[in-house]
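Below you'll find only one chain, the form predicted on its own, shown as C-alpha cells.
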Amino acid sequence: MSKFLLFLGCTIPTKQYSYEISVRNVLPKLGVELVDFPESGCCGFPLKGLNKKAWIYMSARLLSLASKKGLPILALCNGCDTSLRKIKDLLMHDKDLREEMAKLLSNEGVKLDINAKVYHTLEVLHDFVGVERIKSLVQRPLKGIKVASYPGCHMLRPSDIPRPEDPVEPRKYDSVIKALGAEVGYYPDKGGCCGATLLPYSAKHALLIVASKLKTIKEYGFSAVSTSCPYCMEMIDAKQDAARSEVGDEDISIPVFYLTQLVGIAMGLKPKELGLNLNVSPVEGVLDRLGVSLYE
C-alpha cells in the first residue's frame, strides 16, 4: 500500500469540498493510505507575485515538515504541486537562499529539510495505482461518455521542473479516463489557461476564456469535462452561468467532474460519496445515462 501525506492547500477545504470528499473515498479503495497533515498551511502560491520570499518560506516550511514525517506529499492542487516542486528546485540550487530560509524556519523551531517527495493526484492514480489496477476495479463502465481531459496549465508548466504530465505529449490523464471505459479525444488548447488567475483583474476576460473553452469542447463532440485542479474546477464548473450570461450563448453548458469523481463513479461509489451533489455544472446528464441518481 502506498502512503502519502494529504495536503489539501487552501482552495479545496474552503471552496472545493467535492475534491477532498472524492479523494478520501476513492484512493483508499485503490490501495492508497492517506495521512492527514494538520500542521500544514498555505503553499504560498497566491503570494508569489506579491512577496516572493513569503512564497518560498511557506513552501519550504511544508517540505520540511513533511520530510520530518518521512512521507511523500500528495498535493491535490496544481498550484500547490507547482509551488512545492519549484521551491524545492530553487533551494537545491541556491545556497544563500537555503541559509536564509533555514534561519527563518528556525524561529519557529523547524529545521529546513527539502527531501520530501511531491506527487500530484494524477501521478498517484497513473504511476502508483496504475491503469490496469483501476480498470480491474471498474463496476460501472463509462461507456458512451466522451470526456475532455483538462489538466490545467500548471500540470504541464513550467517544464523546467518535473511535471505530473508530459508538457509536450500529455497522455496520463487520457489513459486513466480510458481505463474507466470512457472515450477521449483531441480538442484545441487542451493545455491552455482556465482564466482563474485573470479573474481578480478582469472578470469579463476570464469569463470569455471559460466560454470559449467550453464552447470548443462541445463543438468537438464531448459530453463531459474532467479536471484535477481546484482553480480550473471553479472556473469551468462554477462559472458556467456567468460565462453564458457574458457571451449570451445558452449552449454553454456541460457536465464537469474531478478525475477522482469519474474514477469513483466507474468503481460503483454513490454520487454523495464523491461530492457530486456539490458540483455546479449539470452532472445529472452523465449520471442519468449511466442509470445513476445524483441523490443516491
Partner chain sequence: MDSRILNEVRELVKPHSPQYCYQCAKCTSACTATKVIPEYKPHLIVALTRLGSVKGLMESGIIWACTECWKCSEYCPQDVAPVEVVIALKNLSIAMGYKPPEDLKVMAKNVVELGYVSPPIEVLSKEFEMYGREALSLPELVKPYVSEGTPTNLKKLLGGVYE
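Positions refer to the first chain, counted from 1. Remember, it's a predicted structure, so these values are computed and weren't measured experimentally.
Only in words, not in the display: the form predicted together with the partner chain, which the text now covers.
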property: The unique member of I209, V124, I114, I145 whose heavy atoms fall within 4.5 Å of the partner chain in the predicted bound form; result: I209
property: Option from 125-133, 72-80, 176-184, 102-110 whose residues, in the predicted bound form, bring a heavy atom within 4.5 Å of the partner chain; result: 102-110
property: Non-hydrogen atom within 4.5 Å of the partner chain in the predicted bound form for each of G41, D189 and H205; result: yes
property: Interface membership of R157, the partner chain in the predicted bound form, 4.5 Å heavy atom rule; result: yes
property: The partner chain contact in the predicted bound form: K48, any heavy atom under 4.5 Å; result: yes
property: Partner contact for D288 in the predicted bound form: the partner chain, 4.5 angstroms, heavy atom; result: no
property: 4.5 Å heavy atom contact, R244 to the partner chain in the predicted bound form; result: no
property: Within 4.5 Å of the partner chain in the predicted bound form: residues from 78-98 (heavy atom criterion); result: K86, L90, D94
